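A lone chain, given as structure tokens: the form predicted on its own.
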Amino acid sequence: MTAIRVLLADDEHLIRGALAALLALEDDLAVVAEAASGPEALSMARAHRPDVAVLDLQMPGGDGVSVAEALRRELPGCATMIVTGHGRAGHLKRALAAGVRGFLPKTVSAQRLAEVIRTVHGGHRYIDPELAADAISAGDSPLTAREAELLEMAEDGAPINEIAARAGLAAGTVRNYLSSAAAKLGAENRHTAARMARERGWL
């Protein structure tokens, strides 16, 4: 029996090392590569051509969903899974749109993770029921792509003029977009709106 070749990508070395050690105990799984960032995950996948890539949602240099999108184009034979410490509704929808086959919290046991790796390798899908329920209850983002983009720029407290310069827009236009976004979210200002949108996975 040929073992399922697994890539583990997580920027937390302790978690990644522990997972690799636990998965190594499974006879039918082989961790062939590890990565600590989005770009490293892609280069390791190209070099080792794993059957399944287990990707942390948030990594330096590119999140798990963007890595999954790239892998779907470059290595269509590699199934992708996302593990996350904070599964927001918007993240799950983005992941499914990117062709991700597994989506589960970091709180799962190594045994459960191994089962899900086998499931996605077999061509099936596994979404954690609680994360799926949260996604359904949160609904779709009311923000336009431009509103979300400008809210993300406003997240770190940047002034309107700076956001306008970065976006190539007039300050008044930026103010209008941000006011519209805040109104849609029922937020008193752009900073609160950005935080709320981030919490719901819409940024």
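Bear in mind the structure is a predicted one, so any value in this text is a computation, not a measurement. For the two forms, the rigid core is made up of the largest set of C-alpha atoms that agree within 1.5 Å on superposition. Note that residue numbering begins at 1 and tracks the sequence as displayed.
There is another form of the same protein, the form predicted together with the DNA; it is not shown, and what comes next is about it.
Q: Which one of these stretches, 171-179, 51-59, 64-72, 30-38, sits within 4.5 Å of the DNA in the predicted bound form when only heavy atoms are counted?
A: This holds for exactly one stretch, 171-179.
Q: Given that the partner is absent here, does S43 sit within 4.5 Å of the DNA in the predicted bound form, heavy atoms only?
A: Answer no; every heavy atom of S43 is more than 4.5 Å from the DNA in the predicted bound form.
Q: Any chance M153 has a heavy atom within 4.5 Å of the DNA in the predicted bound form?
A: Because no heavy atom of M153 falls inside 4.5 Å of the DNA in the predicted bound form, the answer is no.
Q: Identify whether the DNA in the predicted bound form is within 4.5 Å of every residue in the set R146, I160 and N189, based on non-hydrogen atoms.
A: Affirmative, all three are within 4.5 Å.
Q: Taking the rigid core as the reference frame, tell me whether R49 has a CA displacement of 2 angstroms or more between this form and the one not shown.
A: No, because once the rigid core is superposed, the C-alpha of R49 moves less than 2 Å between this form and the one not shown.
Q: When the two forms are laid on each other by their rigid core, does M59 show a Cα shift of 2 Å or more between this form and the one not shown?
A: Shift of 2 Å or more: no.
Q: Is the shift of G186 between this form and the one not shown large enough to count as movement, that is, does its C-alpha move by 2 Å or more after the core is superposed?
A: Comparing the forms between this form and the one not shown, which are aligned on their rigid core, G186 does shift its C-alpha by 2 Å or more.
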